[in-house]
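Take a look at this one chain, the form predicted alone, written out in structure tokens.
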Amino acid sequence: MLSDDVITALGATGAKLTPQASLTRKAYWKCGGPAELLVEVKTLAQLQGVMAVVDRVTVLGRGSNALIHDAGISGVVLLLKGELAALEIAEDHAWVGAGMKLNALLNRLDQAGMAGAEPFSGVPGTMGGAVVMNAGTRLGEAKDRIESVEVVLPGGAVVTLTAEECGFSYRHSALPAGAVVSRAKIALSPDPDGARMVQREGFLVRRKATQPLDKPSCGSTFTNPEGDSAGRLLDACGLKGHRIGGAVISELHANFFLNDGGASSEELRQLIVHARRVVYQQTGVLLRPEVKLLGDWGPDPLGVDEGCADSVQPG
């Protein structure tokens, strides 16, 4: 629990503070408890001030790949707004605030006749989340476009990292411990005739036809094992339609776990654990969750010890 002195110091940064803020509508799964203290920062100086006061924060972004504990998230939960969600377009690159929504980034670049953010087509998160997760699609990954990343370290120092220093790999980065992304520099190229936009729109049409978009989900629940598809494995193991309470695996795409109405975060966690166990027992592949669990879930919340061998490396 945050002390009164810490809350006072956070308030002195100029950031907006909301205690016991509901996060249900901010998470794509539409479940989970409140933030102990929701802190909205609009400037780099405010973010530095917050990081100087507390040594650990949770950055929510759009909550598009987050499963929030039913009891909520203790401590500071950050939302990045204002200049931390702004876009600065130059001749061959753009600085993108970590809080900027990826769909807004794509729209702004279309309007400017520029290409460079195609890997984020249909990805519902923010630029900061795209950096942390090396987000991407069949059109590429964040690492393909990122030239450098600005982060704020615990204590408040600002550091700019090269793409190589970010340690990007499939749906993963290796940023400094506790660092919060403030903005990223991405490479751009002219697209005056909108050819890249047309390519992207065709990709999105095909994607919408194969993904369930009518019920809350976090998109792909598991990353794809090398040379295979998590959705194919889940389907082959007969998991489509499997349900725990209000949580169900989509009949359309087996890697989409849905809130079918009133699902708790615990029910979704149990469904993820069950699916991992079944796939491992039938195929020997231990799927790696793409979703991040926020809050105090205790040790091994996603089931390596619940029927899966911890000696097997995730696919």
Ligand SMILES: Cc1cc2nc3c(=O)[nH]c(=O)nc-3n(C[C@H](O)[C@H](O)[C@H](O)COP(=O)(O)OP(=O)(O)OC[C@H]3O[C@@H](n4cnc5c(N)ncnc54)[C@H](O)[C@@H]3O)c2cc1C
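Note that residue numbering follows the sequence shown and begins at 1. No experiment lies behind these values; they were computed from the predicted model shown.
The same protein also exists as the form predicted together with the named molecule; that form is not shown, yet it is the one meant from here on.
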* To do: Check, residue by residue, if Pro124, Val132 and Val180 all come within 4.5 Å of the named molecule in the predicted complex, counting heavy atoms only.
  => yes
* Asked: Which residue, Ser64, Asn259, Ser250, Gln48, has a heavy atom that falls within 4.5 Å of the named molecule in the predicted complex?
  -> Ser64
* Counting non-hydrogen atoms within 4.5 angstroms of the named molecule in the predicted complex, say which of Ala263, Leu60, Val278, Val53 makes the cut. => Leu60
* To do: Determine which one of 184-192, 124-132, 232-240, 155-163 lies within 4.5 Å of the named molecule in the predicted complex, judging by heavy atom distances; exactly one does.
  => 124-132
* So, in the predicted complex, is Arg200 in contact with the named molecule at a 4.5 angstroms heavy atom limit? -> no
* Report yes if any heavy atom of Gly219 sits within 4.5 Å of a heavy atom of the named molecule in the predicted complex; otherwise report no. => yes
* Asked: Any of the heavy atoms of Arg171 lying within 4.5 Å of the named molecule in the predicted complex?
  -> yes
* Report whether the minimum heavy atom distance between Lys292 and the named molecule in the predicted complex is within 4.5 Å. => yes
* Asked: What residues in 18-53 sit within 4.5 Å of the named molecule in the predicted complex, counting heavy atoms only?
  -> Tyr28
